[in-house]
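Presented as structure tokens, the chain that follows is alone, the form predicted alone.
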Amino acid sequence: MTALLSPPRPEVATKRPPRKKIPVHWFYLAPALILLITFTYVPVGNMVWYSFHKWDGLSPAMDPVGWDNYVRVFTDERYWRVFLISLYYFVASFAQIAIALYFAVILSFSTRFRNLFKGILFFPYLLNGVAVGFVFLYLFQPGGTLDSVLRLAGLGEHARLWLGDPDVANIALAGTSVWRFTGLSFVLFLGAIQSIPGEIYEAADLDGANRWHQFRYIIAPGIRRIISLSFILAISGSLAVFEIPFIMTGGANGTRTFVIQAYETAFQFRQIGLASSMAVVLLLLVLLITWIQRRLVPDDEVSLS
């Protein structure tokens, strides 16, 4: 009996699952993400790790201390009292925003020599912070430029030690910060104002609206996001002031800010762990204030229609 042989079956080609392609946009984002993680998130993580240790920055061994560094920051008057110096810069930041908004509104309309004034207002922000500090150091020194101007104006009796008197030193330094950073706020406001469609202004002119009405009902609502951003930058900047007081006074005469205190703690007294905890507290404080502000002033969609 012969066995019936079934005809050979044709080989069925096995289909491999398609390979998942990496989205192209990740290749463009990878360099930026690598730089961001390497130079931002990794240092922040190291800073948090250092804040729970006692370390001088040189020895290979670090002694864990738990929350002792944070307890010291909040209980030692030398570390939390310097936060009060930030109030000078906080108040000055409101003056900076008001000045920048005033000139941005004026120069957004047709004004003679407005391009020249734009350059004059923005120029201080282009200068290096060290250069600004030295320029104003000569301005405020005894017998310097400011005292000479006061004598020429017949107000020589008002001359004083502008950087040596604790009652006026922080005011002088805060005024220097206003001069330097007004240009940044000015450019932000001016760009936001110029993004508002011109047809809205034309309709307001036909309705008989004056400049104040245009600012109140068109400009202010239209740049609300930029105003909110400026307040966030003002608050964080007032808490993290470093360049101007460090260059001009070195923190002397009651001008030591929280960042200068952290800098001296780290590099002068070699207490890296304590300085790291101060930096973490400053970071959390800025984030908390920003969150509160965003809750109080939500970022709603702006509509001028």
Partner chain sequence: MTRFLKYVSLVGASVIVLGPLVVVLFAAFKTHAEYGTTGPLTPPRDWFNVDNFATAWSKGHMLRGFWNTTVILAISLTGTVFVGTLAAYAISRFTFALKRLVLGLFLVAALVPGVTTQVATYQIVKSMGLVNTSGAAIVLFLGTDIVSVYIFLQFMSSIPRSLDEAAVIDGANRFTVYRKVILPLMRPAIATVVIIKGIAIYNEFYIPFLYMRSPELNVISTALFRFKGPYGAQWETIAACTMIVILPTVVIFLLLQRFIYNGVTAGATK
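All of these numbers come straight from a predicted model, not from anything done at the bench. Numbering follows the first chain given and starts at 1. Just so we're on the same page, rigid core means the largest C-alpha set that superposes within 1.5 Å between forms.
Keep in mind that the form predicted in complex with the partner chain is not shown, yet the notes after this line are about it.
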**Report entry** Which of 75-83, 199-207, 225-233, 90-98 lines the interface with the partner chain in the predicted complex (heavy atom within 4.5 Å)
**Finding:** 225-233
Query raised in the report: Among 129, 156, 164, 221, which has at least one heavy atom within 4.5 Å of the partner chain in the predicted complex?
Result: 129
Query raised in the report: So, in the predicted complex, is residue 283 in contact with the partner chain at a 4.5 angstroms heavy atom limit?
Result: yes
Query raised in the report: Closest heavy atom of residue 212 to the partner chain in the predicted complex, within 4.5 Å or not?
Result: no
Report task. State yes or no: in the predicted complex, is some non-hydrogen atom of residue 110 no more than 4.5 angstroms from a non-hydrogen atom of the partner chain? Result -> yes
Query raised in the report: Though only this chain appears here, would residue 276 touch the partner chain in the predicted complex if you measure heavy atom gaps against 4.5 Å?
Result: yes
Query raised in the report: Mind listing which residues of 55-89 have a heavy atom within 4.5 Å of the partner chain in the predicted complex?
Result: 55, 57, 58
Query raised in the report: Is residue 246 one of the residues whose C-alpha moves 2 Å or more between this form and the one not shown after the core fit?
Result: no
Query - Shift of residue 38 between this form and the one not shown at or above 2 Å (CA, core fit) - result: yes
Query raised in the report: Rigid core fitted, is the C-alpha displacement of residue 256 between this form and the one not shown 2 Å or more?
Result: no
